[in-house]
Ligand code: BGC
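Okay, so here's just one chain, in C-alpha coordinates, the form predicted alone.
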Amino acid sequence: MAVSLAACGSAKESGDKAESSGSAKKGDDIKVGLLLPENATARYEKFDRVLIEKKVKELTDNKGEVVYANAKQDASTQNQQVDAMVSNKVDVLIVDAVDSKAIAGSVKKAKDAGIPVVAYDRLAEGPIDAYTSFDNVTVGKTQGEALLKALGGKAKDGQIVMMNGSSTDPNAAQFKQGAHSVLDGKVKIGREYDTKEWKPENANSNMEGAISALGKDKIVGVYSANDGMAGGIITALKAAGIADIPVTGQDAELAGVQRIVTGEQYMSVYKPYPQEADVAAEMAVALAQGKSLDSIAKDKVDSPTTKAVPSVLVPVVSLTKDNINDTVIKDGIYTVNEICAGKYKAACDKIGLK
(Lines give C-alpha, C1' and ligand atoms only; values in the text may rest on other atoms or scores of the structure.)
Protein backbone atom coordinates (compact mmCIF):
# COMPACT_ATOMS: atom_id res chain seq x y z
CA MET A 1 0.00 0.00 0.00
CA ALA A 2 2.43 2.57 -1.18
CA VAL A 3 1.08 6.05 -0.60
CA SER A 4 2.98 9.17 -1.58
CA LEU A 5 3.13 11.85 1.08
CA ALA A 6 4.04 15.15 -0.43
CA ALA A 7 4.10 16.81 2.97
CA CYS A 8 6.24 14.20 4.66
CA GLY A 9 9.98 14.03 4.86
CA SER A 10 11.93 11.11 6.22
CA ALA A 11 11.92 10.79 9.97
CA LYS A 12 15.56 9.82 9.64
CA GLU A 13 16.75 13.11 8.20
CA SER A 14 19.82 14.27 10.06
CA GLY A 15 20.67 17.71 11.27
CA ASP A 16 17.20 18.59 12.52
CA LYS A 17 16.91 20.49 15.75
CA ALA A 18 15.36 18.73 18.71
CA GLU A 19 11.76 19.46 19.57
CA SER A 20 11.05 20.89 22.99
CA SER A 21 9.69 17.53 24.09
CA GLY A 22 12.22 16.70 26.72
CA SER A 23 13.35 13.56 24.92
CA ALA A 24 17.06 13.05 24.34
CA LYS A 25 18.31 12.29 20.88
CA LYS A 26 18.13 8.60 20.16
CA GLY A 27 18.96 6.33 17.26
CA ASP A 28 16.73 3.70 15.69
CA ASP A 29 16.47 1.59 18.84
CA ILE A 30 13.29 3.27 20.09
CA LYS A 31 10.12 2.16 21.82
CA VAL A 32 6.82 3.55 20.47
CA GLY A 33 3.69 3.23 22.60
CA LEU A 34 0.51 2.86 20.53
CA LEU A 35 -2.88 3.26 22.22
CA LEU A 36 -6.02 2.73 20.13
CA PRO A 37 -9.53 3.42 21.44
CA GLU A 38 -11.63 0.36 20.64
CA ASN A 39 -11.87 -2.82 18.62
CA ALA A 40 -15.55 -2.81 17.63
CA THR A 41 -14.77 -0.68 14.57
CA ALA A 42 -12.86 -2.90 12.16
CA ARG A 43 -10.30 -0.31 11.08
CA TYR A 44 -8.26 -0.11 14.29
CA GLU A 45 -7.03 -3.69 14.51
CA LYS A 46 -7.06 -4.47 10.78
CA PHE A 47 -5.49 -1.29 9.45
CA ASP A 48 -4.22 1.33 11.92
CA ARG A 49 -2.25 -0.98 14.21
CA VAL A 50 -0.75 -3.04 11.39
CA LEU A 51 0.18 -0.03 9.26
CA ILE A 52 1.78 1.93 12.11
CA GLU A 53 3.81 -1.08 13.24
CA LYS A 54 4.99 -1.65 9.66
CA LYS A 55 5.99 1.98 9.13
CA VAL A 56 7.87 2.24 12.44
CA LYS A 57 9.88 -0.85 11.49
CA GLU A 58 10.60 0.63 8.07
CA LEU A 59 11.76 3.96 9.50
CA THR A 60 14.04 2.37 12.10
CA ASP A 61 15.71 -0.41 10.10
CA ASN A 62 13.59 -2.92 12.05
CA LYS A 63 15.12 -1.76 15.34
CA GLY A 64 12.11 0.15 16.64
CA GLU A 65 9.55 -1.58 18.84
CA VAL A 66 5.82 -0.82 19.04
CA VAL A 67 4.15 -1.52 22.39
CA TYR A 68 0.42 -1.81 21.79
CA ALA A 69 -2.76 -1.59 23.87
CA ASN A 70 -6.46 -1.20 23.03
CA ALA A 71 -8.81 0.51 25.50
CA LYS A 72 -11.97 -1.24 24.23
CA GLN A 73 -13.93 2.02 24.48
CA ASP A 74 -13.10 2.61 28.16
CA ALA A 75 -11.50 5.97 29.01
CA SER A 76 -10.30 4.92 32.47
CA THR A 77 -8.66 1.84 30.97
CA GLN A 78 -6.86 4.05 28.47
CA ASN A 79 -5.57 6.30 31.26
CA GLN A 80 -4.21 3.21 33.01
CA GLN A 81 -2.59 2.15 29.75
CA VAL A 82 -0.81 5.52 29.52
CA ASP A 83 0.48 4.97 33.08
CA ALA A 84 1.78 1.56 32.03
CA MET A 85 3.50 3.06 28.98
CA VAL A 86 5.17 5.70 31.16
CA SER A 87 6.35 2.99 33.56
CA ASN A 88 7.57 1.01 30.57
CA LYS A 89 9.65 4.04 29.56
CA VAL A 90 8.46 4.28 25.97
CA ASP A 91 10.19 7.00 23.97
CA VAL A 92 7.02 8.39 22.38
CA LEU A 93 3.27 7.80 22.53
CA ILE A 94 0.71 7.64 19.71
CA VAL A 95 -2.73 8.05 21.30
CA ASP A 96 -6.15 7.74 19.70
CA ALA A 97 -8.25 8.93 22.62
CA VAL A 98 -11.45 7.24 23.77
CA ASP A 99 -12.41 10.55 25.41
CA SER A 100 -10.48 13.60 24.27
CA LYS A 101 -10.99 15.47 27.56
CA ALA A 102 -10.46 12.54 29.93
CA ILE A 103 -7.06 11.78 28.40
CA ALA A 104 -5.63 15.26 29.12
CA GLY A 105 -4.21 14.41 32.55
CA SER A 106 -2.50 11.31 31.20
CA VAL A 107 -1.01 13.27 28.30
CA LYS A 108 0.47 15.70 30.85
CA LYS A 109 1.80 12.80 32.89
CA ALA A 110 3.58 11.43 29.82
CA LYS A 111 5.00 14.85 28.97
CA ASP A 112 6.21 15.33 32.55
CA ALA A 113 8.09 12.05 32.12
CA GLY A 114 9.76 13.41 28.97
CA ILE A 115 7.59 11.36 26.58
CA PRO A 116 6.23 13.31 23.57
CA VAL A 117 2.66 12.53 22.49
CA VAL A 118 1.18 12.28 18.99
CA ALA A 119 -2.61 12.62 18.93
CA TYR A 120 -3.85 10.17 16.31
CA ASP A 121 -7.18 10.45 14.49
CA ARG A 122 -8.81 12.33 17.40
CA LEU A 123 -7.55 15.62 18.79
CA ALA A 124 -6.67 14.73 22.37
CA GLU A 125 -6.51 17.51 24.94
CA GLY A 126 -3.43 18.18 27.04
CA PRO A 127 0.10 19.15 25.92
CA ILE A 128 0.28 17.09 22.74
CA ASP A 129 3.26 17.53 20.41
CA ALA A 130 1.65 16.58 17.09
CA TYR A 131 -1.64 15.59 15.51
CA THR A 132 -2.72 13.74 12.40
CA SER A 133 -6.21 12.98 11.25
CA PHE A 134 -8.56 13.64 8.40
CA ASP A 135 -10.28 16.96 7.83
CA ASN A 136 -13.28 16.04 9.93
CA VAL A 137 -15.47 18.99 8.97
CA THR A 138 -14.89 18.05 5.34
CA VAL A 139 -15.92 14.46 6.17
CA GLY A 140 -19.28 15.74 7.43
CA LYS A 141 -19.69 17.99 4.38
CA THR A 142 -18.89 15.06 2.09
CA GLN A 143 -21.57 12.96 3.79
CA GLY A 144 -24.13 15.75 3.68
CA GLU A 145 -23.47 16.53 0.02
CA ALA A 146 -23.80 12.86 -0.90
CA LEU A 147 -27.09 12.58 0.96
CA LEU A 148 -28.51 15.63 -0.81
CA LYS A 149 -27.38 14.25 -4.17
CA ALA A 150 -29.08 10.93 -3.44
CA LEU A 151 -32.28 12.62 -2.33
CA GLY A 152 -32.47 14.90 -5.36
CA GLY A 153 -35.97 16.29 -5.69
CA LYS A 154 -37.17 14.28 -2.67
CA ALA A 155 -35.19 16.46 -0.25
CA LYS A 156 -38.25 18.59 0.50
CA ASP A 157 -40.75 15.72 0.46
CA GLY A 158 -40.08 14.38 3.94
CA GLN A 159 -37.63 14.35 6.82
CA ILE A 160 -34.21 12.92 7.50
CA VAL A 161 -32.81 11.43 10.66
CA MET A 162 -29.31 12.46 11.77
CA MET A 163 -27.34 9.81 13.64
CA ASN A 164 -24.20 11.54 14.91
CA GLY A 165 -21.34 9.89 16.75
CA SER A 166 -20.43 9.89 20.43
CA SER A 167 -20.45 13.18 22.31
CA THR A 168 -17.10 12.22 23.91
CA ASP A 169 -15.37 12.12 20.51
CA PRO A 170 -14.33 15.57 19.20
CA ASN A 171 -14.37 14.18 15.66
CA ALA A 172 -18.10 13.51 15.99
CA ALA A 173 -18.77 17.19 16.70
CA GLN A 174 -16.77 18.16 13.60
CA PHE A 175 -18.57 15.62 11.41
CA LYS A 176 -21.86 17.03 12.69
CA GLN A 177 -20.72 20.61 12.04
CA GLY A 178 -19.75 19.78 8.46
CA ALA A 179 -22.98 17.90 7.78
CA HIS A 180 -25.17 20.67 9.19
CA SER A 181 -23.35 23.27 7.08
CA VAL A 182 -24.59 21.42 4.00
CA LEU A 183 -27.97 20.06 5.12
CA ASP A 184 -29.45 22.97 7.07
CA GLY A 185 -32.09 24.74 5.02
CA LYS A 186 -32.01 22.07 2.30
CA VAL A 187 -33.85 19.29 4.11
CA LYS A 188 -35.96 18.98 7.26
CA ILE A 189 -34.21 17.18 10.11
CA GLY A 190 -36.94 15.25 11.91
CA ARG A 191 -34.83 13.67 14.63
CA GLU A 192 -31.17 13.97 15.60
CA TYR A 193 -29.14 11.86 18.01
CA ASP A 194 -25.66 11.79 19.52
CA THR A 195 -25.06 8.05 19.63
CA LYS A 196 -23.48 6.76 22.82
CA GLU A 197 -20.09 5.14 22.20
CA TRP A 198 -20.77 4.97 18.43
CA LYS A 199 -22.40 1.58 19.05
CA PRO A 200 -24.52 0.07 16.25
CA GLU A 201 -27.02 -1.25 18.78
CA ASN A 202 -27.52 2.27 20.16
CA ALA A 203 -27.99 3.62 16.63
CA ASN A 204 -30.50 0.83 16.02
CA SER A 205 -32.46 1.77 19.13
CA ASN A 206 -32.36 5.48 18.23
CA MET A 207 -33.58 4.70 14.70
CA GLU A 208 -36.46 2.65 16.03
CA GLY A 209 -37.42 5.66 18.16
CA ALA A 210 -37.22 8.00 15.17
CA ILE A 211 -39.41 5.74 13.05
CA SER A 212 -41.98 5.54 15.83
CA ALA A 213 -41.97 9.32 16.32
CA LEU A 214 -41.95 10.43 12.68
CA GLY A 215 -43.78 7.62 10.92
CA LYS A 216 -42.15 5.32 8.42
CA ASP A 217 -43.64 7.11 5.42
CA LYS A 218 -42.15 10.47 6.42
CA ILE A 219 -38.45 9.49 6.44
CA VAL A 220 -36.65 10.07 3.13
CA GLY A 221 -33.04 9.52 4.21
CA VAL A 222 -30.64 8.99 7.08
CA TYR A 223 -27.37 10.74 7.87
CA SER A 224 -25.23 8.16 9.65
CA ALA A 225 -21.82 9.33 10.83
CA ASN A 226 -20.15 5.93 10.29
CA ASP A 227 -20.63 2.49 8.77
CA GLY A 228 -21.05 0.59 12.02
CA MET A 229 -24.03 2.72 12.99
CA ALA A 230 -25.35 2.52 9.42
CA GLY A 231 -25.59 -1.25 9.88
CA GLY A 232 -27.74 -0.82 13.00
CA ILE A 233 -29.85 1.84 11.27
CA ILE A 234 -30.47 -0.31 8.19
CA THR A 235 -31.54 -3.22 10.40
CA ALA A 236 -34.14 -0.96 12.01
CA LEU A 237 -35.31 0.34 8.62
CA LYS A 238 -35.73 -3.19 7.29
CA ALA A 239 -37.67 -4.26 10.36
CA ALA A 240 -40.07 -1.35 9.80
CA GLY A 241 -40.48 -2.22 6.12
CA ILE A 242 -38.60 0.89 4.92
CA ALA A 243 -36.47 0.35 1.82
CA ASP A 244 -34.77 2.33 -0.90
CA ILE A 245 -33.84 5.39 1.14
CA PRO A 246 -30.24 6.67 1.18
CA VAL A 247 -28.09 6.05 4.25
CA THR A 248 -24.60 7.54 4.60
CA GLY A 249 -21.59 6.13 6.38
CA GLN A 250 -17.87 6.49 7.03
CA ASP A 251 -14.74 4.34 7.34
CA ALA A 252 -15.31 2.10 4.29
CA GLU A 253 -15.68 -0.97 6.50
CA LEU A 254 -16.03 -4.20 4.54
CA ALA A 255 -19.66 -4.65 5.65
CA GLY A 256 -20.36 -1.04 4.64
CA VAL A 257 -18.81 -1.51 1.20
CA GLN A 258 -20.87 -4.67 0.74
CA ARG A 259 -24.05 -2.80 1.67
CA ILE A 260 -23.11 -0.16 -0.90
CA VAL A 261 -22.74 -2.91 -3.50
CA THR A 262 -26.25 -4.22 -2.73
CA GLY A 263 -27.76 -0.72 -2.55
CA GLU A 264 -28.76 -0.92 1.13
CA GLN A 265 -26.29 1.87 1.98
CA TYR A 266 -25.74 4.78 -0.39
CA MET A 267 -22.19 5.84 0.45
CA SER A 268 -19.30 5.79 2.87
CA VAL A 269 -16.33 8.09 3.38
CA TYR A 270 -13.09 6.41 2.44
CA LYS A 271 -10.25 7.68 4.57
CA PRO A 272 -6.84 6.52 3.29
CA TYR A 273 -5.59 4.84 6.46
CA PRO A 274 -2.15 4.06 5.00
CA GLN A 275 -1.47 7.77 4.63
CA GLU A 276 -2.69 8.68 8.12
CA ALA A 277 -0.78 5.79 9.71
CA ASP A 278 2.43 6.62 7.86
CA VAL A 279 2.25 10.24 9.04
CA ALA A 280 1.71 9.17 12.66
CA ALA A 281 4.68 6.82 12.52
CA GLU A 282 6.91 9.48 10.92
CA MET A 283 5.92 12.01 13.58
CA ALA A 284 6.47 9.52 16.41
CA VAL A 285 9.89 8.38 15.20
CA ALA A 286 11.04 11.96 14.63
CA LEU A 287 9.90 13.04 18.10
CA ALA A 288 11.47 9.99 19.77
CA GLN A 289 14.74 10.82 18.03
CA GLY A 290 14.57 14.46 19.11
CA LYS A 291 14.11 15.78 15.58
CA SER A 292 11.99 18.60 14.21
CA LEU A 293 8.60 18.02 12.62
CA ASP A 294 9.04 20.91 10.19
CA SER A 295 9.49 18.65 7.15
CA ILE A 296 6.50 16.49 8.09
CA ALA A 297 3.79 18.76 9.50
CA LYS A 298 2.93 21.79 7.38
CA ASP A 299 -0.32 22.66 9.17
CA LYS A 300 -1.11 23.94 12.66
CA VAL A 301 -4.24 23.00 14.61
CA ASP A 302 -5.52 24.41 17.92
CA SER A 303 -6.97 22.08 20.53
CA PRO A 304 -9.01 23.41 23.47
CA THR A 305 -5.83 23.25 25.58
CA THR A 306 -2.89 23.58 23.17
CA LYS A 307 -2.34 26.12 20.40
CA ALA A 308 -0.58 25.65 17.06
CA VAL A 309 -0.06 21.88 17.25
CA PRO A 310 2.03 20.66 14.27
CA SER A 311 -0.49 18.72 12.19
CA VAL A 312 -1.15 16.81 8.98
CA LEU A 313 -4.75 16.59 7.74
CA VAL A 314 -5.30 13.88 5.16
CA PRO A 315 -7.97 14.33 2.41
CA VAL A 316 -10.97 11.98 2.11
CA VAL A 317 -13.07 10.50 -0.72
CA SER A 318 -16.82 9.94 -1.09
CA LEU A 319 -17.16 6.19 -1.72
CA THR A 320 -20.13 4.96 -3.77
CA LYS A 321 -20.72 1.91 -5.93
CA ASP A 322 -19.24 3.89 -8.83
CA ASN A 323 -15.69 4.23 -7.44
CA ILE A 324 -15.05 1.10 -5.37
CA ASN A 325 -12.41 -0.03 -7.88
CA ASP A 326 -10.60 3.30 -7.76
CA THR A 327 -10.46 3.54 -3.96
CA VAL A 328 -10.44 0.58 -1.58
CA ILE A 329 -9.47 -1.97 -4.22
CA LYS A 330 -6.82 0.19 -5.87
CA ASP A 331 -5.26 1.00 -2.47
CA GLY A 332 -5.21 -2.67 -1.45
CA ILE A 333 -7.64 -2.27 1.43
CA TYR A 334 -9.84 -5.09 0.10
CA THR A 335 -9.78 -7.47 -2.84
CA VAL A 336 -12.72 -7.99 -5.18
CA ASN A 337 -12.99 -11.52 -3.81
CA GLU A 338 -13.38 -10.22 -0.27
CA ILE A 339 -16.09 -7.73 -1.22
CA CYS A 340 -17.92 -10.04 -3.60
CA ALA A 341 -17.84 -13.22 -1.50
CA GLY A 342 -20.91 -15.46 -1.29
CA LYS A 343 -24.24 -13.68 -1.46
CA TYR A 344 -22.64 -10.44 -2.71
CA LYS A 345 -21.39 -11.91 -6.01
CA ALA A 346 -24.59 -11.29 -7.96
CA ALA A 347 -24.75 -7.66 -6.81
CA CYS A 348 -21.07 -7.19 -7.72
CA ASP A 349 -21.71 -8.62 -11.17
CA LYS A 350 -24.63 -6.24 -11.61
CA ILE A 351 -22.46 -3.16 -11.02
CA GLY A 352 -19.50 -4.56 -12.95
CA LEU A 353 -17.24 -5.17 -9.96
CA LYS A 354 -14.99 -8.05 -11.03
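Sequential numbering from 1, following the sequence displayed. Source: prediction; values computed, not measured.
Just so it is clear, the following notes concern the form predicted together with the named molecule, a form of the same protein that is not shown.
Legend entry - Segment that reaches the named molecule in the predicted bound form - one of 184-192, 232-240, 216-224, 114-122, heavy atoms within 4.5 Å: Correct option: 114-122.
Legend entry - All of 142, 266 and 321 with a heavy atom within 4.5 Å of the named molecule in the predicted bound form: Judged in the predicted bound form, none of 142, 266 and 321 sits within 4.5 Å of the named molecule.
Legend entry - Proximity to the named molecule in the predicted bound form, single hit among 275, 106, 171, 258 (heavy atom within 4.5 Å): In short, 171.
Inset, instruction - Would you kindly say which of 53, 38, 28, 294 lies with a heavy atom within 4.5 Å of the named molecule in the predicted bound form? - result: Exactly one listed residue reaches within 4.5 Å, namely 38.
Legend entry - the named molecule contact in the predicted bound form: residue 176, any heavy atom under 4.5 Å: No, residue 176 stays farther than 4.5 Å from the named molecule in the predicted bound form.
Inset, instruction - Indicate whether residue 251 is a 4.5 Å heavy atom neighbour of the named molecule in the predicted bound form. - result: Yes, residue 251 sits close enough to the named molecule in the predicted bound form that at least one of its heavy atoms falls within 4.5 Å.
Legend entry - Residue contact check: residue 270 to the named molecule in the predicted bound form, 4.5 Å heavy atom: No, no contact at 4.5 Å.
Inset, instruction - Consider residue 44 of the chain shown here, and say whether it contacts the named molecule in the predicted bound form, taking contact as heavy atoms within 4.5 Å. - result: So residue 44 counts as contacting the named molecule.
Inset, instruction - Would you mind checking 200-214 for residues with a heavy atom within 4.5 Å of the named molecule in the predicted bound form? - result: If the 4.5 Å heavy-atom criterion is applied to the named molecule in the predicted bound form, 200-214 yields nothing.
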